[in-house]
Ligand code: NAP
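Next up: just one chain, as structure tokens, the form predicted on its own.
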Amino acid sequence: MAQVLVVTGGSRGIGAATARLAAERGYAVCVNYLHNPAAAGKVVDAIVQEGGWAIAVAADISLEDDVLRLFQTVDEQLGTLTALINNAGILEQQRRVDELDAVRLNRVFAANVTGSFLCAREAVKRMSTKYGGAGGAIVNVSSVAARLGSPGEYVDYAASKGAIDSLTIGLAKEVAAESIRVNAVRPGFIYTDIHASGGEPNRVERVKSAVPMQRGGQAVEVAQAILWLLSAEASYTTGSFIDIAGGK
């Protein structure tokens, strides 16, 4: 029986790279997306053309009803969930903290934090031996911003990723005895289009000289770390973090 994976925010960037690599390694993949069905469809088509099994499901993970529908669709169309990648997240225009308002803060935290909690909850209900499941793995996509703070740019985004780090540690301890492993990756400056959302599409080019390795990272480099954390090779690894940031 195929392993079944949900990748939130799977239509672009790190999510898309992870979905494709997971399919190559035998996972049946649900590509979750919010606004771009064409992009999600391209990821699914690429997987299917290579002999894999994938579906695309639109859902706003900050909304509880959407999360319930997302996981119910996976139950019906792919089968028993064995893995979750909490990847979906948003980044807004570069601002200082004294320029932020509650509307923006609530939007960022709803997408980046509440959504990850809701998806993790549904994954645990399906995978935990407490609920009759056979176990599984969750990988949260955090950011080195959680360590660095992103001053002058995205302190709200950094704080939301700090919450993801806490979720990773706490949930890992809660479900370790229930055959679920929970880990996280913390990407640094990766070439994806999320930077355009912050108003600076070429941000990686600007900051890469401050990275010890003197370059930005590729989405597939993050995907490879995620797939290792899902794999049996990481069978004794939980509550852990892999920084993929060129030494930053």
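Please read all numbers here as calculations on a predicted model, not as lab measurements. When you see a residue number, it is the position in the sequence shown, counting from 1.
Heads up, the form predicted in complex with this ligand isn't pictured, but that's what we're talking about next.
*Asks:* Does this ligand, in the model of the complex, lie within 4.5 angstroms of each residue among G9, L34 and I61, using heavy atoms as the measure?
*Replies:* Verified in the model of the complex; spot residues all in contact, yes.
*Asks:* Among 155-163, 168-176, 73-81, 122-130, which stretch has residues whose heavy atoms lie within 4.5 Å of this ligand in the model of the complex?
*Replies:* It is the stretch 155-163.
*Asks:* Which one of I190, A28, A56, I47 is close to this ligand in the model of the complex, taking close to mean a heavy atom within 4.5 Å?
*Replies:* It is I190 that has a heavy atom within 4.5 Å of the partner.
*Asks:* Within a 4.5 Å heavy atom cut-off, is I138 in contact with this ligand in the model of the complex?
*Replies:* No, no contact at 4.5 Å.
*Asks:* Might V113 be said to contact this ligand in the model of the complex, defining contact as any heavy atom within 4.5 Å?
*Replies:* Judged by the heavy-atom cut-off of 4.5 Å, V113 is well away from this ligand in the model of the complex.
*Asks:* Within 4.5 Å, heavy atoms only: does I14 come near this ligand in the model of the complex?
*Replies:* Answer yes; at least one heavy atom of I14 falls within 4.5 Å of this ligand in the model of the complex.
*Asks:* Please check if I90 has a heavy atom lying within 4.5 Å of any heavy atom of this ligand in the model of the complex.
*Replies:* Yes - in the model of the complex, heavy atoms of I90 and this ligand come within 4.5 Å of each other.
*Asks:* Going by this ligand in the model of the complex, which residues of 122-148 come within 4.5 Å of it through any heavy atom?
*Replies:* Counting only heavy atoms within 4.5 Å of this ligand in the model of the complex, the contacting residues of 122-148 are V141, S142, S143.
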